[in-house]
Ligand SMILES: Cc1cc2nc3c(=O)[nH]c(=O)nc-3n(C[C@H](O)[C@H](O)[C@H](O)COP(=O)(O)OP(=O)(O)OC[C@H]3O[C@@H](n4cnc5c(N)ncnc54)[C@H](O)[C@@H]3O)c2cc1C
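We begin with a single chain expressed as structure tokens, specifically the form predicted alone.
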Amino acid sequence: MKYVILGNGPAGVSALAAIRKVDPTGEITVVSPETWRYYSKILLTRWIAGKVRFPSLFLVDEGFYERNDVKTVFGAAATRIDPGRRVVELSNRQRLGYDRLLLAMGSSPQVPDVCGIRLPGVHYLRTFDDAERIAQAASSAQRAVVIGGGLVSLKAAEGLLGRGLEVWVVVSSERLLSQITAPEDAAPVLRIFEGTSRLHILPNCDVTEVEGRGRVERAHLSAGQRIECDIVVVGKGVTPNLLCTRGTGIRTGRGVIVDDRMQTSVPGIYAAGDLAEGFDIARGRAAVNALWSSAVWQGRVAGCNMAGRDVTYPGDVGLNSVTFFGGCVATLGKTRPEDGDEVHTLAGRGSDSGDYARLVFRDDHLVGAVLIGRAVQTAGVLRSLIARRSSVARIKGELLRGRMSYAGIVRDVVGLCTPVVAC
């Protein structure tokens, strides 16, 4: 059996491990446009800030692929898939035949339509090579503009602050983390970032032009301001890498549509990770959950099925978290209420308390939460309640009193641990 895995991130490597466990002799080829072995993208901003050493980024050792009898094609990307001939064409003009194919190419940063956005000195943060370029630029820079108020933007800002730069975060909306929170969360979220030395947050504002002679020198804002800067980092969202799926018959929406075995609409082709629309338990429908844990789980399920085992993916619960100089925000499941949802907000006592929780219920089920401060400690219990679709009727009163991590609550919900897929 010939397996081709497009992607060397958590989904691809988890699929590789699952395949090799079931099929010790099958031919596995991993394709990646990057040249590095499997590493943690979560740690990139800490590496930029100098808080993590280079070797600590890697999640497998140098002998991992050889030990698992895996061929690697690094530095090349898939450009075309021919499902009829079961062939993948690569950017290096190589052609790979397959019996089973996994799409795990992840996503790429969105490029805003801004004059000067392609000047040298404008950076994105998605790969280690991106992080290395930012770190090199930061070594001789003093000021940076970060475009966007999402997770990547804020962590990039933290990394640059850690290098001693002065940082302006320019946010189109009126609040930070607007894609994963609701308007009522704006003030508690902002409190985490307020007062940080050398950090300036500019809401309701856009960068209209990036200017410089040969490289970035300043950014023009929609509010009329002009910020002199050495670096611009763009964090305006990502787009799943679906270019090579065109003309294949593979059904796509926002990402690749898969069934509960992670198989696409084309037999023999599977998808997992940031580009797959897996089942989202809180929303009750398919969605792209760009999470490391979801990618690992989906990749494992895909790999098992590619190798002939029958394993299903029951769905997952979206969980996003960002720490910022000791403060923390976590969001679970459905954070934007819909008609019929019941919402309760719990704030910490005292005007200076940063503790905050907003819980979203649907009938007798918890479906979402926004947690700040010490409330983040309850994320594991709450996520399990959502994932298990457990009725919270008996413990709802305890939840609304902020008692979300007591052993009594755990005893009322059988089996809070996330299921582990075993091939």
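Note that residue numbering follows the sequence shown and begins at 1. Computed from a prediction, not measured in an experiment: that's the story for all the values here.
Keep in mind the form predicted together with this ligand is missing from the figure; the text below concerns it.
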Partner contact check in the predicted complex: of 24-32, 373-381, 54-62, 360-368, the stretch with a heavy atom within 4.5 Å of this ligand is 24-32
Three-residue site 7, 41 and 125 fully in contact with this ligand in the predicted complex at 4.5 Å by heavy atom
yes
Given that the partner is absent here, does residue 188 sit within 4.5 Å of this ligand in the predicted complex, heavy atoms only?
no
Taking the shortest heavy atom distance, is residue 316 within 4.5 Å of this ligand in the predicted complex?
no
Indicate whether residue 291 is a 4.5 Å heavy atom neighbour of this ligand in the predicted complex.
yes
If you check in the predicted complex, is residue 155 within 4.5 Å of this ligand, heavy atoms only?
yes
Of 78, 219, 329, 101, the one that lies within 4.5 Å of this ligand in the predicted complex (heavy atoms):
78
Heavy atom within 4.5 Å of this ligand in the predicted complex - residue from 106, 148, 333, 159:
106
Output the sequence-ordered list of residues from 223-243 with at least one heavy atom within 4.5 Å of this ligand in the predicted complex.
241
